[in-house]
Ligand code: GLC
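The form predicted alone is given below as one chain in structure tokens.
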């Protein structure tokens, strides 16, 4: 795989036009055969990759994502720009109605401000353009998705984290899990609650204060602070980071765990989400980050695989890294995980280890092309071909920086 290959995939997956209501769109579909719509965190990663080859497209991608949302700050998990899902798939999408919606009513891992800051580079005009919608989005998440006011936002569906079928959700959702037939019932339950997290969480235990989602939220708040200079966002970020440390950190195991249900029980399954706070950099105590890195991420028995970062610890019984038509986050390695966690290692001063992790992920891409995900032990590619998110390979040598790109 060369930079030219990755740029070619981004260009081949680019879609632009005008929706029936006159709204213009321009975005990168994740994979032309299967994933034809615009997905929130995919677009954030696409924008980071585009920033390396065509910053103008990076900015258009993010503008389109904001246009898919509402003036109150809600930004959807999935936007259907060209056509709504057909009747076979429509009941499974997290929409307000079964048919006819232009976007889902669900959220996804909120990395928008992180991507906006990277896409902006030195363009102060683009930064200024984003301040109002980014602030509205951050406030919407805190207002609508933190019903207990503890600083941690809640997801209602497993796929709101992007980790749809991770084994960490099995015990929480049971027969309603993303990969099981009962998932349609879960979506319908959310519709009956009118997608209000406050209404939904009051009556059931199938919801999660998700570590990865809250890490992304804190990272975006930090990015918003750097772009705006408004101390409000630094204070909000600090509150999220403190809540993660005080409520999700398990000093016995040296991992962060999600909190599930009304009683907020810890979901003690070791997935890469448990390591995601490493990406917060200096916002966390150094000894906590060192434990995440040394005891887990770099440990060859747990996450130190030859080809990227497994999405589940290799010691977990649920570690299943090969291809499965319905389950993809049960051990396979994804390019975005290497991108985030290598950045966390560099912030810790472990530059050689970060470079090695990035190199291992690039090795898998060189062997198998831009695939959806990879076997962490063999480098074999699985899932979709020409997968846009894997174009993050363009940015792996530079990588994510918790301190920001220095706008």
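What you see is a predicted model, and the numbers here were worked out from it, not measured in a lab. Numbering follows the first chain given and starts at 1.
The same protein has a further form, the form predicted in complex with alpha-D-glucopyranose, not shown here; the description that follows concerns it.
- In the model of the complex, every residue of the candidate spot (164, 328 and 372) has a heavy atom lying within 4.5 Å of alpha-D-glucopyranose.
- alpha-D-glucopyranose in the model of the complex is approached by residue 108, whose closest heavy atom lies within 4.5 angstroms of it.
- Proximity of residue 42 to alpha-D-glucopyranose in the model of the complex: non-hydrogen atoms within 4.5 Å are present.
- Of the heavy atoms in residue 30, some are within 4.5 Å of alpha-D-glucopyranose in the model of the complex.
- With a 4.5 Å cutoff on heavy atoms, residue 25 does not count as touching alpha-D-glucopyranose in the model of the complex; it lies far away.
- The chain is drawn here without alpha-D-glucopyranose; in the model of the complex, the stretch among 32-40, 64-72, 49-57, 358-366 whose residues come within 4.5 Å of it by any heavy atom is 32-40.
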